[in-house]
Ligand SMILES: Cc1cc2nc3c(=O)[nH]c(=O)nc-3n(C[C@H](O)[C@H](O)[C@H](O)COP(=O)(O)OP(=O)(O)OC[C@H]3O[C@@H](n4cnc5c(N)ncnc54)[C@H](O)[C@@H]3O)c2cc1C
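Next up is one chain by itself, shown in structure tokens, the form predicted on its own.
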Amino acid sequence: MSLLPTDASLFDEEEAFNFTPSRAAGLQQLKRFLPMAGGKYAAKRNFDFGPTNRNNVSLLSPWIRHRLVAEEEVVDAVLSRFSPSSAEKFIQEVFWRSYFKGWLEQHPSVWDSYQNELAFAIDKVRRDTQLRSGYQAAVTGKTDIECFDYWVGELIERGYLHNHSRMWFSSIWVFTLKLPWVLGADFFLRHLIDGDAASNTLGWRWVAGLHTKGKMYLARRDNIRKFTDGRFDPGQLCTDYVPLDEQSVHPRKLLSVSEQMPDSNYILLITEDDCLGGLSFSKKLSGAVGFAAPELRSQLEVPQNIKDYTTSAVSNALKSVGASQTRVARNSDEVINLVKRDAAELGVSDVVAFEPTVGPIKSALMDVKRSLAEEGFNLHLVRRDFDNLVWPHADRGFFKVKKKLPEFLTSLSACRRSY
């Protein structure tokens, strides 16, 4: 049964939600959005006008998240039309995702702590009748908070929410409904097409007051009324806000040195975290296999639309590098078997994958790397230049990254490459 209103006119403009998991579709959306990336975006970006009126935001996050389109080519396209000052707000949003990736890479215990807390919370839902009732009401859109219930339906059916609505949703979940933040983060990660470990986990922690200690995001009635253009009035929300706290300490871990491309022929391993493939690789690319495992996001069920999107994204990326077969592994054992079979046929011992950030895919690849090494194969996790540029500065708050933006943009301009 649909959780969304049954008024068919609400969803006449289906094209706005055609998040086709291909590079061509992502580039087309970039072209469509480009005229809005300057002052118009800055003025209207915080408004959620509804699922069929998204012209005020880029809608690029599903393609950027899976790196069907690269961050630097988005920035490059925007700067070909606007000055850095005119497009400042949008450029900052591109770098926010990179900031979260770099921060989590340097504080990996946050991801481990999230997984442990989530396992505990899921078990408690099964044992605690009151918590189970509140959780079920939230995830089925039956809280009697009209906007929240609507967003639940939109998320489930569309796999997407406006960023401002994500913040309101998270705040209501934590402070008004008083549900464990990790359950809400898990709900998002399972249902968002653009969901990734870094942005999702740290976004929820930021709202709850854990990322920036003592500072949380408060969903307010007048703010929701204003920025939904009067579509919603949530009524009385909780005003007794106390930021969450935790006993865990998450010390900074120094970034590892990026591995280098091998000198010999290699097999390319395309993952759901990086589907740019080998569009600018050398002729040493001998073959390619894929790895899409959205099921690893949670011990709870991941919806079929998310499974289909990630698998199709990887399959399309394999086609883009001329792979004769679009073979997509769904777990570590399948990856190992595909690589070993191709390596034997092609006579190579090196495998290359672009390095994901901390999260389920990276954890799986580390296991794959160890297993392959035991059988004489080398998996090289190569970090992209954009990540090498931004991540070292993402060790504290976003302000440090923001201050470096002019330098980043100069570096990107000097190092343009084809994708």
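For clarity, every value in this text was computed on a predicted model and none was experimentally measured. Quick note: we count residues from 1 along the sequence shown, nothing fancier.
Beyond what is shown, the protein has a form predicted together with the named molecule; the following relates to that form.
- Not one of W111, T212 and M216 comes within 4.5 Å of the named molecule in the predicted complex, counting any heavy atom.
- Partner proximity in the predicted complex, defined as non-hydrogen atoms within 4.5 angstroms of the named molecule, places exactly one of 339 to 347, 266 to 274, 253 to 261, 188 to 196 at the interface: 188 to 196.
- A residue is said to contact a partner when one of its heavy atoms sits within 4.5 Å of a partner heavy atom; D76 fails this definition for the named molecule in the predicted complex, lying far away.
- Although the partner is absent here, R97 lies within 4.5 Å of the named molecule in the predicted complex, judged by heavy atoms.
- Taking the partner from elsewhere, E295 is found to have every heavy atom lying beyond 4.5 Å of the named molecule in the predicted complex.
- In the predicted complex, the named molecule lies within 4.5 Å of some heavy atom of W204.
- Site annotation in the predicted complex: the residue of S315, S170, T228, Q106 reaching within 4.5 Å of the named molecule with a heavy atom is S170.
- For the options Y309, F232, W151, Y160, the one in contact with the named molecule in the predicted complex, meaning a heavy atom within 4.5 Å, is Y160.
- Contacts between stretch 31 to 64 and the named molecule, counted in the predicted complex as any heavy atom lying within 4.5 Å, involve Y41, V57, S58, L59, L60, S61, I64, listed in sequence order.
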